[in-house]
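Okay, here we've got a single chain as structure tokens, the form predicted on its own, with questions on binding and movement later.
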């Protein structure tokens, strides 16, 4: 167990808050990997040899970035073998008749991909976390709050994928293979994805991004600002596919508004920014910072320093998503502002954030893939984070209960979908799992993935996908 604990500490960015609750006098649970073996293969051939050498019934957990919300693959099970693909770091640029492509190994994280794309003057709809695994994000319905309205979901840009099956066979899937579509929604439940080939967009697709950071000293003023800002988002941003916006309310007393302007944008960015500044001034919220980024690269890495400062012993993490398939009505906006912003445990869990984002655009009109992110125009996630080290069992449980109560109330709001995103929902919550048709987008997509699971992995070797229980 010493070896497992050392490996777990080096690879786990956070621990699910569901594993840390407990009685008032309860000690903090020790969370580590339960796997009987942990391998770090350095090539596809090594992956194949390991899979073929194991008994056909041995469960296999695949880890790439180590940033999963529940850490199910990291924890695994006593009879499981972990394949940590951290050494599959190859990034290769090439072209076909339709333009530039990049092939990314399963160990690559977003920081590495973004830095490589900078040299190629390329752009992709990447996530904001520098340590998030690219392949893990792709195969769980990833999205980009800054870029997906223009560049689509990252999974929509996948042209090819190399997969090792439960039987230890190597398959290269292209867009003509029906399995590829399933893999970009439930890949780690169906096979070991060792690399993906992604269509690269030009960096010029992003014209600029501007950020305003406002301070708040009371939750009531944060709620009032957010309500006004979200209504501006609904009325001005959502109808305009040349612009995207993300509003982040933080536990540190700041509201961060990032507005991204694409190459199709015509006009003056001030018409979207001035109303926010006027709203903040009317509520006496100070402007703490203002920034303008003139490139995709600058915007892609803008939050890296903040995210790298999120740590704990361990860092407890819970994530839930809500959203609407079209522009939100007043009831949905009121819930987001009054309940999510107004009642989230931001004081008790000061590393927490609430992200309110525009989606739609290319994410909704691009190639269909099995994720709820493809079907929603308005997206909000509540990310509860805190250092679990100094908190006793009662404090940890109170944060968990508060977060769960907020999410439960969302289910009572007509037209508001809850936990539809594979990358922004908590898969290890007790009780009923999220609806398969929401996670995978449609009932048909869910049925297709269930059928492929039985076909490709009849012994359920890959049982550590975050949402594998909805595939039973």
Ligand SMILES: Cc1cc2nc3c(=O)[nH]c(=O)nc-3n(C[C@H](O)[C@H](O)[C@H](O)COP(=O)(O)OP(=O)(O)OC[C@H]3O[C@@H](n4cnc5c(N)ncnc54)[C@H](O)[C@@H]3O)c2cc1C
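As the structure is a prediction and not an experimental result, all values here were calculated from the model. Positions refer to the first chain, counted from 1.
Although not depicted, the form predicted together with the named molecule is the subject of the following passage.
Site residues 64, 73 and 188 are all in contact with the named molecule in the predicted bound form, judged by any heavy atom within 4.5 Å. This chain appears without its partner; in the predicted bound form, the one residue of 322, 143, 196, 249 with a heavy atom within 4.5 Å of the named molecule is 143. Here is the short version: of 100, 393, 129, 228, the single residue with a heavy atom within 4.5 Å of the named molecule in the predicted bound form is 129.
A residue is said to contact a partner when one of its heavy atoms sits within 4.5 Å of a partner heavy atom; residue 354 fails this definition for the named molecule in the predicted bound form, lying far away.
Using a 4.5 angstroms limit between non-hydrogen atoms, residue 378 is distant from the named molecule in the predicted bound form. A residue is said to contact a partner when one of its heavy atoms sits within 4.5 Å of a partner heavy atom; residue 147 fails this definition for the named molecule in the predicted bound form, lying far away. The shortest heavy atom separation between residue 214 and the named molecule in the predicted bound form exceeds 4.5 Å. Stretch 134-142 is the contacting one of 361-369, 256-264, 395-403, 134-142, since its residues have non-hydrogen atoms within 4.5 Å of the named molecule in the predicted bound form. Of all the residues from 395-434, those having a non-hydrogen atom no more than 4.5 Å from the named molecule in the predicted bound form are 423, 424.
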